[in-house]
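Just one chain follows, in the form predicted alone, and it is written as structure tokens.
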Amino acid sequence: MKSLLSRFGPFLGLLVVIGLFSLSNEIRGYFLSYANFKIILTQTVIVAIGALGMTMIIVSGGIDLSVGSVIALCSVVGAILIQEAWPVAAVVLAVVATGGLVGLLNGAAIAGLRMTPFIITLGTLGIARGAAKWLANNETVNYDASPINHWMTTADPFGWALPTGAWVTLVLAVLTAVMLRSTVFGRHIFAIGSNEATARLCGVATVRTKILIYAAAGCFFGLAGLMQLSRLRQGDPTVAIGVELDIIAAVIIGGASLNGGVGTVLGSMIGALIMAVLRNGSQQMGWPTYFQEIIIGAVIIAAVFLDRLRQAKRE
């Protein structure tokens, strides 16, 4: 029973959340409709892509608090490049590279200088947010029509098709899961998170691997910023404030441990869905924003508490 709960706990949590909102006769009809689930999947994209990168970091025993600021910075960079009439492929590469560069700097400071991830990424949070406001001249960056605008919407007249962003997220989730479970790099991530000193004695290049982890995660955060740009259709340096909490909560709800060494991509994706369902259901219930924030905060505390319980049982 413990094994089943550990394996399918995130799925049960998702079913419980869906079931709770389905109890209301007022919203049940629309809440359980395909149209609403498509909206939920679209709303999950940004958090889910960020959770892919965060899963790698948390499994390795680290943390990144700068995600929201990096997303805002990358969305501003993308909007400016579209203004400059860059080709779509070049914009995508530049935006993802921007996120990767921030991640590389984080990883170099954390692994190379042996500094605490919490402190380094807390500092990067402010630097990236300030850089976004500086590049945008402290205002939104608007641009003419771009193919990127359609990645978070669908032109399907019947409303059945999923947006491009959802398919991109699904493909990246599968590739990331394969990487973590079936490659040397993936096994090294788990080894560092389980016991970095032992991994080093076993021949794992811990410094280089940790730098690569943060750089790869930064690329995911850059792609999330691109999806944010597609969703808003403008570069806004003030967006994604606090989204790092949703991303971290999604990973922990999915079964990852803040102590490192444990985590799955599937669990993180289910955790991201749980966060999206909570926000969607709260909005349909007409609950005020402050009440939604209280609920999300309670879920984060509960997720950390469950992580502590899992860790105590393993010990």
Partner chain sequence: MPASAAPAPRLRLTGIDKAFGATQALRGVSLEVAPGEVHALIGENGAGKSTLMKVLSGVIRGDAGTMEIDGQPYTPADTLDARRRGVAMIYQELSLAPHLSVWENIVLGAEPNRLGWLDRIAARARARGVLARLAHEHLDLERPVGQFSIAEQQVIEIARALLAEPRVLVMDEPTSSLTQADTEKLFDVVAQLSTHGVSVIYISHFLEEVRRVARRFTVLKDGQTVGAGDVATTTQDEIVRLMVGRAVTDLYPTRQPQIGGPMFTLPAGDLTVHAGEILGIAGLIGAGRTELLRAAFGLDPSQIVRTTPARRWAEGVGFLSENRKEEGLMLPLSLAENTSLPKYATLARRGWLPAKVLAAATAPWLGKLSIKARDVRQGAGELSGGNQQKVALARLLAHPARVLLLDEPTRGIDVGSKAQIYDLIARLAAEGCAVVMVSSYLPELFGLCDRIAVMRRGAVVACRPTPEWTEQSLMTAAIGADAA
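Residue numbers count along the first chain shown, from 1. Keep in mind that this is a model prediction, so the values were computed, not measured.
Unshown form predicted together with its partner chain; subsequent notes refer to it.
* Tell me whether 28, 33 and 41, taken together, all sit within 4.5 Å of its partner chain in the predicted complex, counting heavy atoms only. => The answer is no; none of 28, 33 and 41 reaches its partner chain.
* Only one of 202, 93, 241, 127 has a non-hydrogen atom within 4.5 angstroms of its partner chain in the predicted complex; which is it? -> Residue within 4.5 Å of the partner: 202.
* Here the chain is shown alone; which of 194, 164, 234, 146 has a heavy atom within 4.5 Å of its partner chain in the predicted complex? -> For this set of options, the contacting one is 194.
* Of 78 to 86, 165 to 173, 209 to 217, 180 to 188, which is the one stretch near its partner chain in the predicted complex, taking non-hydrogen atoms within 4.5 angstroms as near? -> That would be 180 to 188.
* Would you please decide whether residue 198 lies within 4.5 angstroms of its partner chain in the predicted complex, comparing each non-hydrogen atom pair? => Answer yes; at least one heavy atom of residue 198 falls within 4.5 Å of its partner chain in the predicted complex.
* **residue 61 within 4.5 Å of its partner chain in the predicted complex, heavy atoms** => Although its partner chain is absent here, residue 61 would stay clear of it in the predicted complex, with no heavy atoms inside 4.5 Å.
* Asked: Hey, which residues along 257 to 273 are within 4.5 angstroms of its partner chain in the predicted complex, non-hydrogen atoms only?
  -> Heavy-atom contacts to its partner chain in the predicted complex: only 261.
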